[in-house]
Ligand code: 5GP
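Just one chain is shown here, as structure tokens, and it is the form predicted on its own.
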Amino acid sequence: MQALELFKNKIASPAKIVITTHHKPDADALGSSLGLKNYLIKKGHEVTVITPSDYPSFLHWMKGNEEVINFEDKSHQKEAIQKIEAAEIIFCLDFSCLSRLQSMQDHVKNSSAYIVNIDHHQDPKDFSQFSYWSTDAAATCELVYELIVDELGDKDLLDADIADCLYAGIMTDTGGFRHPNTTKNVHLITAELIELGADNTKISKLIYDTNSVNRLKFIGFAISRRLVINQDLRIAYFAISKKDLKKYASQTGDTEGLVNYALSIDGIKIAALFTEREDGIKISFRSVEEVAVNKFAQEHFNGGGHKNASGGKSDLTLSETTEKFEQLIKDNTNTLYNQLELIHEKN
């Protein structure tokens, strides 16, 4: 409670605030950042959102997007650094360790600002003066809503634009309200957001149903030519090369959701997406409810995340990485699927 009271005192008077989130922000990362920004502006603060990288164009509709500074944009990097150095408060949203900021990491780490961390990922690192954290939350946007409404008592400052941002993050991090993290609390909060003016139909269309022709062709190519299925190991995965991405003029966000096609195959328990980038292989893991992939990602691919949705990376080649993945599944079948088998035995 003492930390909460200190936080309340810090934001009680107008301050210079920077809000940041993880590299390659998704809807929860950007929605929580812009939702919080639009709220703090109403409180009289000077607020700047700085992202460590670009993000999908289907998120550009959020209020305040045009003012976001992309740290990787060299033409604005000096301004971003100056904002961080001048900040009195820095909010770190939707990540549990500063390494997720990549090239921004040292600037935030060396800042004299009061650091606030709002997040729902497991195993948070101790880098903030105030942490509003819970793995029970489906999304960081859920926590931002609870912080504003329950802890700060400022529901009256929420409007339709803020509600749109927060709704988007909750909708996507629950997989369109399909994942096991879709709790009673999620439905209660999203109902409140809709009452505040969140346009759920519009948001769903903008995020899920706004595709370029190239993206649709890429998805078709990936499913028909790059999907590997191993029913014996109960795995399926995509291996996407830089050449594949170039062929379809891939933009940030074009691989979003691709891994879920692999997980949707009957009998598959673990799915993965291996994407070749300039700095190595980016990996996304997904699993059915009973199978945890977060520790697997942490132990073998320098990653982590949620139980059923985790990420990682590899410095090996694309083919070496997929070979390593298959071998690890073979070697760890008992560990990975033990809980699943116990559940089956009980039934």
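Remember, predicted model here, so these are calculated numbers, not experimental data. Residue indices: 1-based, along the sequence shown.
Just so it is clear, the following notes concern the form predicted in complex with the ligand, a form of the same protein that is not shown.
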query: Listed range touching the ligand, judged in the predicted bound form by heavy atoms within 4.5 Å, from 33-41, 308-316, 64-72, 46-54; finding: 308-316
query: Residue 287 within 4.5 Å of the ligand in the predicted bound form, heavy atoms; finding: no
query: Contact of residue 100 with the ligand in the predicted bound form (heavy atom, 4.5 Å); finding: yes
query: Contact of residue 282 with the ligand in the predicted bound form (heavy atom, 4.5 Å); finding: yes
query: Contact of residue 83 with the ligand in the predicted bound form (heavy atom, 4.5 Å); finding: no
query: Answer option from 215, 234, 107, 121, heavy atom within 4.5 Å of the ligand in the predicted bound form; finding: 121
